Structure formats: structure tokens, C-alpha cells
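Take a look at this single chain in C-alpha cells; it is the form predicted alone.
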């Protein structure tokens, strides 16, 4: 009998396999990678009845068109996503955060994200993919992870193992919210910038440009003046750190960021706001708000508690 699988009819934009990422490899120049929107990733696996760190398919802007072959399987999509289930006799308009059943020859058409960037597809089973350093997360720049470090491509066959049947009505009432300001703590080179530059950083709006991907988000706005040095000796970077190159426009390091960099760091996006940050599409406006480290730690604990409470509400 043929293994259950998806045939990729349309690959979508930047469609990859992701999980929680890989740890303790920064000293080899390898970042965590992993799902961009951690909460939506965790909710997708919870609705599917999977383990927390199970691989999912992450897509940006437009998702894939997939044809299913095999025994029935459940799936769900999280994020703010428009999608249809195409059956032999009808088309079902899907709702995010709700489990649906796919049967042999059904198609799943993930049309687009809605005023956001990333969405997630989880199945009640396992994708037949390889792991590298205990993670499937695909970093296409470094060609690391599942699918030989490449995006999922048209005409590819994605095999499915150990599918399990769940109540197809499992769902969660959840609405992705936005916040007015992205909260940050001061970066290690904060004092490299003029008082006017600091004022611009915290009081002015910046625009998300099209030059943004899983590696980094480039912003445009009034120039942030550096009064010390626009280049420094390369130092370690972390996810969410905000570098300011010589042109004065900030770059926020995202999940596939390089592990070292030589631009001064003015701030760091707090972990509790990272999911909402990465969902801002090009053209969005950003304002930064300074908070202290202690508050950032408290907000992250609250974020974790809220995520777990949402998982407990899935029925």
C-alpha cells in the first residue's frame, strides 16, 4: 500500500519545515532557527494532538496547494490565514484553530495570510523528514535541516508516518492581536548613538521594508545618528537584537540570523513581543518602547502562562 502523503501542486512562498529549533550551537555559527511565531506553532501542534516539538509546515504570505493521498488524516492551520478544503463534491472554507479531516484525493489550498506574514500547518501524524542536530528546522541560507535545507518545492511528495485519528471538531477560540508598541531593552551599544538618535528611536515611527525575511527585518525611518563608530568588532548576536548600520536604519535580527555581527546594537526586542513583531508585513509601522530587564522577564513569564492556558482551552 502506498504511504500517505501530500503532493505539492503549488509550493507557496517560503514554505519550510520547522519545530522549536536547535540549541547550543551558537559557537559553531548556527542559530536556533525554528518557528518564527512560537505561540502559533505550539497551538497548531496542540490542536493536532502532537508532541510540543513536532515538525510543522510554516509558510509566509501565500501557502502551498497540497493534494492528499492515503487514509484520512486530521489537520489544522494557525495564524491569520485564508484557506479552503477542496473535496470531490464541494469546497469548504476553513477556519483557523480548528481541526478538519482530509480524505483520499482531497486538496488543501492555503490561499494567503491576512494582514500578517506566517501561518502553520500541523497534521495528526508525523512528516517523514530528516533531523539535523536534533531539529528539523530548515535554514535555507545555511542549507541546514529537513528537506536538505531547502524550501518545499512544487511536485515534491511529502510522506506522512504514524497518522492518528482525532475528533475533527477540536478547536480553539483565539484571535491574533496586535500591539501599539514593540517593547525593547537597551542594547550593549546604546551609548554609541546621539541623544537625538535615541529620541528618534523611541519616539518616531519606522516602516517595515520588503527587505525582510526569516533572517532579519529591515526598517526605514529618520536616521539614527551614531556619534562613536558605525562599525565595531564582530560580537555575538541573539534573536531580536536591533543593529544600526551606517545608513542609520535599524535591522532586527530574526530566527535565522547570523550569530555574529559588526554593527552597533541599540536595543533588543523582548521575547514576549517577538511573535507579534514577526507577523508585521512590509509597510507596517513600528514604534519602540523602552522597558527595563525585570519587566521584560515578568512579561515573558506572563506570555508563557497565557500560551499554556490557551493550550488547556483546546477542546
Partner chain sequence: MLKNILNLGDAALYCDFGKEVNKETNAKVIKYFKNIKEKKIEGITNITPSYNKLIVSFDLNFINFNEIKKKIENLEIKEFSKNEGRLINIPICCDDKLALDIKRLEKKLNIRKDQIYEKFFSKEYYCYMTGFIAGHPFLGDTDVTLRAKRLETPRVKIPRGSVGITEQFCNIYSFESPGGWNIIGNTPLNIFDKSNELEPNLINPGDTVKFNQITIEEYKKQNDNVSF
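Note that the coordinates shown come from a computational prediction; the quantities given were computed from them, not determined experimentally. Residue numbers count along the first chain shown, from 1.
There is another form of the same protein, the form predicted in complex with the partner chain; it is not shown, and what comes next is about it.
When the partner chain is considered in the model of the complex, only one residue from 172, 200, 208, 185 comes within 4.5 Å through any heavy atom, namely 185.
When the partner chain is considered in the model of the complex, only one residue from 158, 85, 219, 144 comes within 4.5 Å through any heavy atom, namely 144. Figure note: of the listed segments 113-121, 89-97, 144-152, 71-79, the one touching the partner chain in the model of the complex, with heavy atoms no more than 4.5 Å away, is 144-152. Within 4.5 Å of the partner chain in the model of the complex, a heavy atom is found for all three of 27, 32 and 304. With a 4.5 Å cutoff on heavy atoms, residue 227 does not count as touching the partner chain in the model of the complex; it lies far away. Not displayed here, the partner chain is approached by residue 258 to within 4.5 Å at the level of heavy atoms in the model of the complex. Proximity of residue 235 to the partner chain in the model of the complex: non-hydrogen atoms within 4.5 Å are present. In the model of the complex, the partner chain lies within 4.5 Å of some heavy atom of residue 265. Residues of 77-107 that come within 4.5 Å of the partner chain in the model of the complex, judged by any heavy atom, do not exist; none qualify.
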